[in-house]
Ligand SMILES: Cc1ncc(COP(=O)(O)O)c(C=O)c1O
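Quick heads-up: it's one chain on its own, the form predicted on its own, in structure tokens.
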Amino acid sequence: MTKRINQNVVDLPTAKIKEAVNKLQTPFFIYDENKIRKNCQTFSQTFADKFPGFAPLFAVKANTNPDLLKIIFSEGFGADASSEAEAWIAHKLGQWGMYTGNYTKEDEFKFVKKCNLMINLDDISMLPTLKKIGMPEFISFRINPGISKGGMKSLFFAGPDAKYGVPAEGVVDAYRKAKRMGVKRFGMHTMTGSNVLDEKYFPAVAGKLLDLAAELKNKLKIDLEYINIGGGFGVPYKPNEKSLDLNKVVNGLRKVFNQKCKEHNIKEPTLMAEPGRWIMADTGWLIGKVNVIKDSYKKFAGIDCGMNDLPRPAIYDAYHHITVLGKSLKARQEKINIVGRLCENNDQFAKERLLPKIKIGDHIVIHNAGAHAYAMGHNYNNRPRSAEYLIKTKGGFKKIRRAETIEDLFKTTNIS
């Protein structure tokens, strides 16, 4: 059964985090190696049971820390890279995978080719650039199938307003042109939305890709080697939010593959997927310390981390579960805003959240900070970003990234 118990509270390694705050200076991120490995194994095995040869890729954009990537890659995942830097770290770690850029420069394509990653093109307009630097034997195209879904509107990545992918009506022309340019082997990819919790959605998307695969077979005699359904596998952020039942997703995909391959008389391609959030979100926490309690029009608790560490609430108004370390949710509660120190009013992790009564010196735990947290971080207000630690499987903590210093922020400038 791969429907998760809601991880927001249940899986918090409270004892380890208490030990960490007694030893380490806040703020910091902390990750659980055991949980990372468990998530990787659950995802891979659930798919492999129904799709022999299943090829999982980790969405490197979700978390780029090399120590964490080594754990994920050791569990059999390849790399899903979407930038030159992500291709660089995958290559540095000796990892196979696929590069999916968009509006890519020639220099970046040259670099990616050196990294020996499979190239997934966002559009037919990229073909002349690729031909200029040397057409590879294998390419894939990212398809915009015209449907999308996500945890919020800004996480919809397909449809008429999306900047991504080849429109469905242009697919045959794209593959025809690539074949004429000398490409011998092909795949197909889509990524239509992020943080999707609807199990029926992934089979629906796969069905559209398989219909297109049949069209390529009939019109161009192309047999696809891979179909990559992308990422978007959602996790619950709120305590009462439903979990994605991965078994239902995979069973739905198996049914669609059986039906479409038989209906169209096509050879079944190898299935790929690119989870990022599903693997890492619930394996990490951001820990901050309360510096100030302010009674104003509302009550505010100011902590020593901010939206520069975890931008999702500021960017998307996204919910992250918050607990006060060592205090029961059944304790006397009050409404309070948990805020950072940046001079922007959207630097607020929670607004009018019911939490146990907070005092200066308490430690605030921000949940689901393992994906799209540090990786989306920044230095606005010239705030250095925080350290990262790993709770090792065999016990103890490992520093996997030191905290930035003020000097780090100005290393690329000329200071006389």
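Everything numeric in this text was worked out from a predicted model, so none of it was measured. Don't overthink the numbering: it's just position in the shown sequence, from 1.
Another form exists, predicted in complex with this ligand; not displayed. Remarks below refer to it.
S.K.: Given that the partner is absent here, state which listed stretch (261-269, 225-233, 90-98, 107-115) has heavy atoms within 4.5 Å of this ligand in the predicted bound form.
M.R.: One stretch meets the cut-off, namely 225-233.
S.K.: Taking this ligand as it sits in the predicted bound form, is Ala178 near enough to touch it, meaning that at least one heavy atom pair lies within 4.5 angstroms?
M.R.: Outside the cut-off, so no.
S.K.: Verify the contact flag for Pro275: yes if a non-hydrogen atom of it lies within 4.5 Å of a non-hydrogen atom of this ligand in the predicted bound form, no if not.
M.R.: Taking the distances in the predicted bound form, the answer for Pro275 is yes, it comes within 4.5 Å of this ligand.
S.K.: My question is simply whether Lys61 lines the interface with this ligand in the predicted bound form - judged by any non-hydrogen atom within 4.5 Å.
M.R.: Answer yes; at least one heavy atom of Lys61 falls within 4.5 Å of this ligand in the predicted bound form.
S.K.: Is it the case that Met191, even though its partner is missing from this view, gets within 4.5 Å of this ligand in the predicted bound form, heavy atoms only?
M.R.: Yes, contact at 4.5 Å.
S.K.: May I ask whether Thr26, His320 and Arg353 each come within 4.5 Å of this ligand in the predicted bound form, counting any non-hydrogen atom?
M.R.: No, none of Thr26, His320 and Arg353 comes within 4.5 Å of this ligand in the predicted bound form.
S.K.: Given that this ligand is left out here, which of Asn195, Asn308, Thr283, Asn144 has a heavy atom within 4.5 Å of it in the predicted bound form?
M.R.: That would be Asn195.
S.K.: Which of the residues spanning 67-92 lie within 4.5 Å of this ligand in the predicted bound form, based on heavy atoms?
M.R.: Heavy-atom contacts to this ligand in the predicted bound form: only Asp80.
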